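This document starts with two versions of one protein chain, written out as structure tokens and named structure 1 and structure 2.
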Structure 1
Amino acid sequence: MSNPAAKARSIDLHDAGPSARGIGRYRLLALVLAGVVGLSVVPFFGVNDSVLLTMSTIFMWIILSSSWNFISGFTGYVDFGHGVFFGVGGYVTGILVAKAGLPFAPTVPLAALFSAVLALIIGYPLLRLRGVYFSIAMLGLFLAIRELTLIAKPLTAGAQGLILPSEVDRTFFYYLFFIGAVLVVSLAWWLRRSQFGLSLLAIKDDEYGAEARGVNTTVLKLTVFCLSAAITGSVGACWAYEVTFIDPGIMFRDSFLINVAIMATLGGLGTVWGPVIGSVVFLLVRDTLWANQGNSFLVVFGVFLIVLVLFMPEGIVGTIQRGERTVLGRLIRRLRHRGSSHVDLSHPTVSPAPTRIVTND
């Protein structure tokens, strides 16, 4: 059942570039709606738990990489410590549920709030820094908070971890992450078209220029950073409840940092659909490699990243949209000009996405 839906959804992703204007906004909207409706009825068709888990994991990473894209893709401030909000959100819920005995639902807004406040406190001094200094400071913060979580045993139980009493219902988490993903992508859609989003892109292109034109860059950067942190924090809270056991090594994983970065870069930084496509492709590729190669995962994955950065730095969506600067982008452009608008759908760089989605369901 999910196949037509997934297919419909992926086709519209492809055409999110200049040709999207060719199909017309209403058809695009209809395709997105069809995709959303299709995906929202998936649990009614007797799919097993592992498929639901895979799909909800993909939705979760769509939310996470999109929220990372808000700060890093839009403003160009590369946050290499974004996992700190995921961990902090998870620990807020973990402590409140496991130690204070609160029900799950009210802890999520608290986790989001706490993450946003943390982002505000550290963002205020750090976002004045430009470029790599911000990245390094965030990485440092990530490691520092992980160490502190390990040390603060009375509160966090340290390396022993916390057990959350929860009933894992895959369908519930499927819908939770699905709705979250739809909301976050809508938010990205809106952001890309709003004055706010355009100002953020202006910061990435030329921060001094944006300042000179009267854009209050500090306020904008702080706002988007807090927003991004709140989203990531609430996802961390939900995920902690889903896995029912958390410790610092799980909540503050190193791999988190690189995963979001790869997903957003693979899809296309600063685009709406980039993190979505990036997450889907990355997770399917990763799961395939994990299953088949085991230990060589790191090697294959590292080479993949290097090749990606060298030959497709604009990502999948970016290459399709405005990639005339890269080899692949020029190729796509040439194909598109030569044939009808359908030709680019069969291009090798984009075809893995739809086929992989279909086979996985």
Structure 2
Amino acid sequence: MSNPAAKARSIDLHDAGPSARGIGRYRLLALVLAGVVGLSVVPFFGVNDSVLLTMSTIFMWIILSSSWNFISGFTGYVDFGHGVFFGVGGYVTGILVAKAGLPFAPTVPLAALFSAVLALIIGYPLLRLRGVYFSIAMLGLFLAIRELTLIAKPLTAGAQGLILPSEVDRTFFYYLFFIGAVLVVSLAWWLRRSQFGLSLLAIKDDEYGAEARGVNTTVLKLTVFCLSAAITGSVGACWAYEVTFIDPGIMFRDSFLINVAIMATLGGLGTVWGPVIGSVVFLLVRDTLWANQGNSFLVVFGVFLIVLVLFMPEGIVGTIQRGERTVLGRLIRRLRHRGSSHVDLSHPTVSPAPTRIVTND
């Protein structure tokens, strides 16, 4: 015989779930909108250029880690040579501004287009590779393009570099990267909920199974690879104009490959907010350790990253959302379950009595 009270509690928990999730989404949306509005008026409060430079750098890395997350987090194709598009975008703008005399604005879409075309050309053969083979191939491409820019001196000026005529306006670059970060995160939010994004996640889970279900994996992988390359190339173009000097060592930095992968992984691969949170945490922790630990900050920072990976292999957002495979994730889920059960059970809802239908029969 079933217990009516237990039945009432189970019904209440079942019915309260969607409404509670809906309230949580509205609160998150309100929090995000408040954050966007607050960040959009920061330059009006008289902050100095140092603060604007720090915040615009954080926005820039949010764009870069999010674009890396599109190909590596959603499809599982870990791109260790993604910095090649950053360097190519920077050199497209550098050459067009410094040598052709074009203004900055029209060079950004050209840099994005050139990066996307390059991704289309190299992506068609390389995306047929899987796992570590794709990662190594992209790393080899990164090194090859960097050496090519050193050799092509008539076009790139080699190791001497190119000087771009630019006006240092921190407010302009603050809004440039801030708007870019908002657009890219919005794109990730749409991608996570669209059929296109779900197909990419299906490729990550089981590419053969996705192909068997009729998903055109080649077209989807190429599309998101070109999209990611175009975003990264446009950021490289903007950054080259901001620093006013570029050479192969600056535009094709090895640290770029490491930083962008750590930020996205730290926050949570395949999530919307993972690259955002990962970029903020990474930059704040790195700069804080660098300021306090001096030359030994890399040792402390390395230990910090090892501990994070051990206890949160799903990343910060991944641990909170689906971290049942980690000790910390299971603890968070247990605490959240206790909280929701306490709220629901304190206000039990009694099910209405069934209506008896009386007939003449």
Partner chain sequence: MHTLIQVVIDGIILGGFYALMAQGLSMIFGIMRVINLAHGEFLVIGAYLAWMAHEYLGLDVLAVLPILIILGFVIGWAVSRLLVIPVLERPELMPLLITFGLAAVIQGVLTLVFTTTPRMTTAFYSNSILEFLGYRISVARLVMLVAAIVLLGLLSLFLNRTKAGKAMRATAENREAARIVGIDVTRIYCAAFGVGTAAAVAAGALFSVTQGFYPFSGPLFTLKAFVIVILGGRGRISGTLAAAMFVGLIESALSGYVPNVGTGLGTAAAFILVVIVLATRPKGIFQLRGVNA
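By convention here, residues take numbers in order along the sequence of structure 1, the first being 1. Here the structure is a predicted model, which is why all the values come from computation and not from measurement. By rigid core we mean the largest C-alpha set that fits within 1.5 Å across both forms.
Each structure shows the same chain on its own, and structure 2 is the form predicted alone.
With the core held fixed between structure 1 and structure 2, V51 has its Cα displaced by under 2 Å.
Relative to the superposed core, V307 undergoes a C-alpha shift of no less than 2 Å between structure 1 and structure 2.
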